[in-house]
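Okay, so here's just one chain, in structure tokens, the form predicted on its own.
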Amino acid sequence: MARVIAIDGPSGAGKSSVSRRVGERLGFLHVDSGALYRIMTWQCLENGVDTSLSDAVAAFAEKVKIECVPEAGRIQYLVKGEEPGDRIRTPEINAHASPVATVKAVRDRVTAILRSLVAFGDLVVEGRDITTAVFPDSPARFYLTASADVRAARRQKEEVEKGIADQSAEAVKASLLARDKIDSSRKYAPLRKADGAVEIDSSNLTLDQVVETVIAALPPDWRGES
């Protein structure tokens, strides 16, 4: 049976970098669950769906076709045969993603997709409800966090490096905090630390230190030890 390392936490906590590195170390496929919600949001906006209308979003979500392909150590998502790339990483998508993600039909659809990915093998899955709703029975569950200032600085640096935005640190922080509030207060599958999950505050840790902390907390046989 496929093994799943589940990593939750707010935006900018370092989930993507840590998950990719852990996947590379252990030979697990990296799964970015947030990209699925961003794709749903992107497609809503591309097709003129009002993201503030949950019924309209729910109806449209059933029509979005997403192909999942294991590629170079990760699960690649294709829409109409094309990978969305940075089109789903813009401030506009950020602003609409949380409302879309609060819609139960969207979360149910994404959860079903994520659970189906175990057919491809061992996974390291990052998101906001992976430890609580998607894979709550995994013996390897983590909650990665960091201070708001650190998270904002990381996200701003990422946006500038990718050339997808040039917001001030204050604007990025405000956006992160607004999304935190929506994600943690939504009715269905809110962002929270799962009971039994290992919490890691990465504010003052290097990427390598966080990765080592995650790997050290895994079941011994997952690390290749008897």
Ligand code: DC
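Here the structure is a predicted model, which means the values were calculated and not measured. So that there is no doubt, residue numbering starts at 1 and follows the sequence shown.
Keep in mind the form predicted together with the ligand is missing from the figure; the text below concerns it.
- For the chain shown alone, I130 is a contact residue for the ligand in the predicted bound form, at least one non-hydrogen atom being within 4.5 angstroms.
- Mapping the unseen interface onto this chain, S33 counts among the residues with a heavy atom inside 4.5 Å of the ligand in the predicted bound form.
- Under a 4.5 angstroms non-hydrogen atom cutoff, the ligand in the predicted bound form lacks R151 among its neighbouring residues.
- When contacts are judged by a 4.5 Å heavy atom cut-off, R141 does not count as touching the ligand in the predicted bound form.
- Only one listed stretch (175-183, 65-73, 50-58, 22-30) carries heavy atoms within 4.5 Å of the ligand in the predicted bound form, and that stretch is 175-183.
- Of the residues in 37-76, those that come within 4.5 Å of the ligand in the predicted bound form through at least one heavy atom are, in sequence order, Y37, R38.
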